[in-house]
Structures are given as structure tokens and as C-alpha cells.
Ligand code: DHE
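Below, in C-alpha cells: the form predicted on its own, a single chain.
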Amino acid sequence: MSKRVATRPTWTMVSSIGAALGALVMMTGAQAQTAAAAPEMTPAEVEAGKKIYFERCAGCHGVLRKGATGKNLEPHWSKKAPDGSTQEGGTLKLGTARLEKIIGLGTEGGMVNYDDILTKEEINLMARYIQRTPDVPPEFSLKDMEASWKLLVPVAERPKSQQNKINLKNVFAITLRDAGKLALVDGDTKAIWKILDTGYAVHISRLSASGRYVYTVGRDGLVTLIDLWFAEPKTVATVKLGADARSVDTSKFKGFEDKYLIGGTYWPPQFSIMDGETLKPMKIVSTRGNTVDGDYHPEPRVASIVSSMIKPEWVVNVKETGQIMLVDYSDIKNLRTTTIESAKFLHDGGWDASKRYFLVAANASHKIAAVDTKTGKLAALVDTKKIPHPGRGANFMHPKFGPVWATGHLGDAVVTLISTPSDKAAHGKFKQYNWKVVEELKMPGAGNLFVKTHPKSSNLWADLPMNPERENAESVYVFDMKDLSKPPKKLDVAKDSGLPQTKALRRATHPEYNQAGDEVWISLWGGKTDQSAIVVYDDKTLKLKKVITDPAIVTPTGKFNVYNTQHDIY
């Protein structure tokens, strides 16, 4: 059986759980009593549980297990229902046998089945582990960041001009998740240019405003700065942001190109500002505080971050509190922040076609929040189907409703189209639809992670990697935007790859266009011991064009075309 459990260590957990919890979570007598009833585990089993939980579970359920995209996994919880009654639950109430079924088979809410990822023994171990009191990692200060910072190649020792003949605009930065590496692939020749070490499970790659530097951030909090101007790409600096991170972006406003980098962490809940060319730590800002409902939250994690091109600002989305922060980087010493209330459980999102409005999924609230970055105010809260997960989303002109932005869903079998405003006079006739769900495109199931299109394309691509059915998880679906009444065309990516079928799924995920907008690259994400691939299709004919596979292509997930990422084209 294939296992996708990385061997790289993630954090050093505090040995005294009680002392750390005392600083963060007040435990009631009832909770302490139920915690004592947790199944027994050996010290070795506890350590194994910590590692698997961090790598597989914490992203959705949180370090403190209070839930966000995923359910609350505390041993015991209680909350007030709308009718005033008290609801109680917890992993202890569910018990080991029930938890094993949930972990193994997944849920309709978007949780993937782990019976082809973890062994039967590991599933049992995790069912017991999550009935224990959550472990809490240590805090991470500016001094900790400074101690982790490594400037490998000073700016003065870097090339003054590009020292290779690669078309950098069409290079793809591809996450090799469980290998802790990044593959840089020449989009013109389809050849692997260079594979570099990064943090574990890189979540995103971002480009500097100039297109010279690639920044990656891993789930172990490590940021790498890669210079594409060398004869072969080279990592020139690294820094650690904390124990768990998801997002970085650069300063893009005119006059600030490549000057700063911001990184957001899941643990500790904070964001950090660094020098854009060296990663030298400059400032840390905590995001702990009250939710939009007025309740204090000890773990409000920083989810997506994007950089505005119309102001010297970053848009920072704080997951658990539902607060969207507009961070003005024109004066780092005297940092000014505008905080906008939206909806809880903010996750990922992207710009509309005008680059004025940022749309972000408040996924466990089943809403899309739209921010007008020109006025610094919330433009809309749009209700959607369950658990929207847009990635960056997709922008196109709908034949009936004008400019729209699309998101898929982890928890429902639709792609949602939302009308977005436009300053173009010719688009005034569509104003009546703005910030409304104008259409829902039918998908064969829930479990979508990413939708994607391109200004030069008439296709809308959608994946289903989190669907429990093999035929869906291993395929992508392509809508014809000229006639959205037609069902999408199914492309069996696993079959097209030519790789032999395995018991474990190879999940087809993250469609990404090349610079020209005439190819779409799909990650075929297999197990760590199974061969994976990047499968390239012709966007016009939907015919297979190339399969990029190699023993070094291990668990590929996100792919980021340099030009499209640099200019926020999706």
C-alpha cells in the first residue's frame, strides 16, 4: 500500500503540554475529566501522531484542533445553538471505531479518504491520537526568525543580467510536495531545468515584481528565495517564519518592486515582513484577536496574501477571525493597517479581472467575501454552496452576465459564477448582476480544489482531486465558455499519462496555463513511492500534448507559471 507520509521532521513539540496549554487554552474541569479518558498511547505512538497530524490534518483542523475548513477535533467541545441550548461533542464522544471510519472513508464535506494514504495501523493511531488533548508548539519571535535566516549569496555577488538562455516567462515552478523540493521546468521544451530543496510541502510559489526571483513557502514555515538569473537557478537566501506557513507575496506597487516580502503563518498566528532581496527579517505582527462574532480566538491563522498593484498594500486574510487586513507597506516602521470585517474561515482567493476587487472564500461559512481595495471597504458578502475553494479563481466574460469570477467547491458539485463590476462603459448593462451568483455549472461530484482559465482561452478547467471516486479524482473537466449549457468534457488524466494503475489514487489537480495561454498543465499526484507526472494538454483541441515524468517528479501538486503568477493572470 502506498503511503504519502513525509520523513522530514516538522517542529520540535514542547514536552510539557500542560504548561503550554495554560498559556493559550483555559481548560474546564469537565474537559480535563474527559481528556483523562483518552485511549492510552505509547510515547512513540504520540510522536508519530504529532507528525502525521501536522502533515495531514492541521491545515484544515488547526493546531489547537478548533476547526476551520475542517471540523472541530478537540476531545470535548460545547457551543450555544441558535435556540439558546448548549450543544456538546468531541472526538471522545465519537470514539475510536467511528473516527477510524471517518478518517479512512472521508466525508461529503470535502475531507479526502485516507485509506489509500495511511495504513490501517496509522488510521487507528490517528483515531486514538485526536482523542488526546492537543499539543501546542512554541511561539516564534523576531529573534527566532533572525537566528534562522541564511543569506547564501549576497546581492552584490549575484548576476547583473540573465546568465542563461531560458525563456523565464514560460518557466513553471512545480511543488514536489512530500519530497520537500521544487522543480523548475522549461515550459518551451518541457525539460526539467533544475530541482532545488525547499521546505516540506511547499504551498505556493510567488514571483517578484520583476520576475527574477521565485519565493516558496513550505508547511514547515521555511521560505526560500531562488534567483533565476544564474546559469542554473540558485537558492540565495532562506528564513523560517514559524512552525507552519501557507502564503507569501512581494511588494508590487511602482517604486517598491522586489523591495519587501510578506509571509503569513498558521503557527504562530502572525505575519512577518522581510527584505525582498535578502529575506532579512524586519517585522512581525500578531493576528490574535476577536472574530467577527466578537469572540476571542487564540489561533487566527494567516491564509492567503496578495499584493495590490494600485496601492502599496498587501491584502492579508485571517482565517478564523474573518478579518481582512489591508497592510500599507509604504512605511514599515509606522505600519498602517485597515481591518475589514467579512466572514469567518477565510481561505484562498484571487483578483477580479480589473485587479481592483479581491474575492476570498470564507469556506466553512459558505460565502465569498469581496474587498474593494480602492476604497478599502467590503464590497460584498456572497452566499454560495458548501465550502468554496477557488484557488485564485477564474475570470472571464459570460455571454449573458458579463464579467464573472468562478470558484469551485469542496462540499458541493458545482462551479459558482459571480458577477463582478467593471469600469468599462460597455459593461454597464451588467451592473444589475454585480455580486450575485449568476450561474452554477454542474460538476459530477464535490471535491474541487482549483478552477482556471486564461484571457486567450474559451475553456474553463476544473479538477476534482478530493472526490472519493477514482474516475473523478483522476480526471479533470473542461467547460466550453462559449456554450456553458453543455456538460463539461471529461479528460482522464491518469489514463492519458500512460502510467500503470495503482491501488492508491493518482489525483489530477491544479490546472495551470502556459504563458501563451494555449497549453494546460495538470499535476498527476501519486503516492510517494508511485511514479507521478505532469500531463500537458492542448487547450484548443483538448488533446494530450506531453507527459513529463521522471523519478524525481515525486508527489507534484501546485504549478506556477512565472509570467501568469507575476501578473495575476487566471
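Quick note: we count residues from 1 along the sequence shown, nothing fancier. Nothing here was measured: the structure is a model prediction, and the numbers come from that model.
The same protein has a further form, the form predicted in complex with ligand DHE, not shown here; the description that follows concerns it.
Asker: Can you check whether residue 409 is within 4.5 Å of ligand DHE in the predicted bound form, heavy atom basis?
Answerer: Flag for residue 409 set to no.
Asker: Taking heavy atoms only, is residue 513 within 4.5 angstroms of ligand DHE in the predicted bound form?
Answerer: Contact check for residue 513: no, nothing within 4.5 Å of ligand DHE in the predicted bound form.
Asker: Hey, in the predicted bound form, is residue 59 touching ligand DHE, heavy atoms inside 4.5 Å?
Answerer: Contact check for residue 59: yes, within 4.5 Å of ligand DHE in the predicted bound form.
Asker: For residue 304, is any heavy atom within 4.5 Å of ligand DHE in the predicted bound form, or not?
Answerer: Output for residue 304 is yes: heavy atoms within 4.5 Å of ligand DHE.
Asker: Within 4.5 Å of ligand DHE in the predicted bound form, heavy atoms considered, which of 477, 450, 405, 314?
Answerer: That would be 450.
Asker: Using a 4.5 Å cut on heavy atoms, which of 76, 356, 206, 132 is close to ligand DHE in the predicted bound form?
Answerer: Checking each option against ligand DHE in the predicted bound form, the one that comes within 4.5 Å is 206.
Asker: Taking the partner as it appears in the predicted bound form, which of 138-146, 81-89, 187-195, 342-350 has residues with heavy atoms within 4.5 Å of ligand DHE?
Answerer: Stretch 342-350 is the one.
Asker: Heavy atom within 4.5 Å of ligand DHE in the predicted bound form: which residues of 541-567 meet that condition, in order?
Answerer: Heavy-atom contacts within 4.5 Å come from 557, 558, 560.
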